[in-house]
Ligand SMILES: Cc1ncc(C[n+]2csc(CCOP(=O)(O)OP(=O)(O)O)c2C)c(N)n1
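Below, in structure tokens: the form predicted on its own, a single chain.
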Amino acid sequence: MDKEKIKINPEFYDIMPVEYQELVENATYGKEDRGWKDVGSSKELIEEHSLCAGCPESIAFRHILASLPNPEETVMVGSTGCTSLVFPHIALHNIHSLFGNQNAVASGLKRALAYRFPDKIKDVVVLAGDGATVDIGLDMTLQSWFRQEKFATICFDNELYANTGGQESGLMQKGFVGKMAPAGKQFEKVDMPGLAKTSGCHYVAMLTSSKPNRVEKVIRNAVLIAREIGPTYVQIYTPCILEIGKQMMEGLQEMRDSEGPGQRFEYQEFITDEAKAYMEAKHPKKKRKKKRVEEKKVD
């Protein structure tokens, strides 16, 4: 997928919404050094998306879309939930799966693409909420990791079922009282990063979307390692401001407050020795840049 393939038919151009015209014209496809800094001048998600005003998921979506290393040849697999409402508004190939089977669909898709296009790099990225990833789809999530399927899994952790009224999810905080969980959560938040590590993931990260440069680094690592080594997992806190009683402008601060030292979303990153060796061998440019920075500090 590139700008040559996603042109709007000239006969229909003038009746297409301006947002969709800009979606095609201002996407950053083909730009090798694309990243979160392009968000202000490019467009991979239209303004008139269907998420709530101020929703942290929209922030995370923009950062992720800008950080994908190979958007022209990437297919995202989503699931039922808030994320499924916004996928029609992004400039990227995507598939909507049934609730919870997104990792099973991605497994078949990745294998089919590898068979059909053996000489092309085709990335598959799963993006779903905590209900689809950890509750209803946990078996298929884990099985894809056990089989070492080569795609990245991103979980938007709302800490509840945001799309259907605030029911309890496995990632809800202990003691939290939701609109449809009046008794409060009775057990601890599921340690999904821990499960990912012990289930075969070669790269695992947990963070919020308040620091776009960190999101960019994590997403690139997750996609590149999954491409060659094996499954990767990223868990991003995207609080549902409606369900936790916040105003639309308070989502960013909620994420910042939750990622401090000792907080439940304090930044975590894990990488296997195999994945680390691959990144150092295949992507030496970043390694050299880091070395130059360290040498400057010494000087």
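So that there is no doubt, residue numbering starts at 1 and follows the sequence shown. On a predicted model such as this, the values are computed, not experimentally measured, just so you know.
Although not depicted, the form predicted together with this ligand is the subject of the following passage.
Exercise. With the partner left out of view, is Gln148 within 4.5 angstroms of this ligand in the predicted complex by any non-hydrogen atom?
Worked result: Answer no; every heavy atom of Gln148 is more than 4.5 Å from this ligand in the predicted complex.
Exercise. For Thr80, is any heavy atom within 4.5 Å of this ligand in the predicted complex, or not?
Worked result: Contact check for Thr80: yes, within 4.5 Å of this ligand in the predicted complex.
Exercise. Counting only non-hydrogen atoms and a 4.5 angstroms cut-off, does Tyr161 reach this ligand in the predicted complex?
Worked result: Flag for Tyr161 set to yes.
Problem set entry | Interface membership of Phe176, this ligand in the predicted complex, 4.5 Å heavy atom rule | No, Phe176 sits far enough from this ligand in the predicted complex that none of its heavy atoms falls within 4.5 Å.
Exercise. Which listed residue (Ile95, Val190, Leu98, Met180) meets the criterion of a heavy atom within 4.5 Å of this ligand in the predicted complex?
Worked result: It is Leu98.
Exercise. Just one of 116-124, 195-203, 219-227, 131-139 has heavy atoms within 4.5 Å of this ligand in the predicted complex; which?
Worked result: Stretch with heavy atoms near the partner: 131-139.
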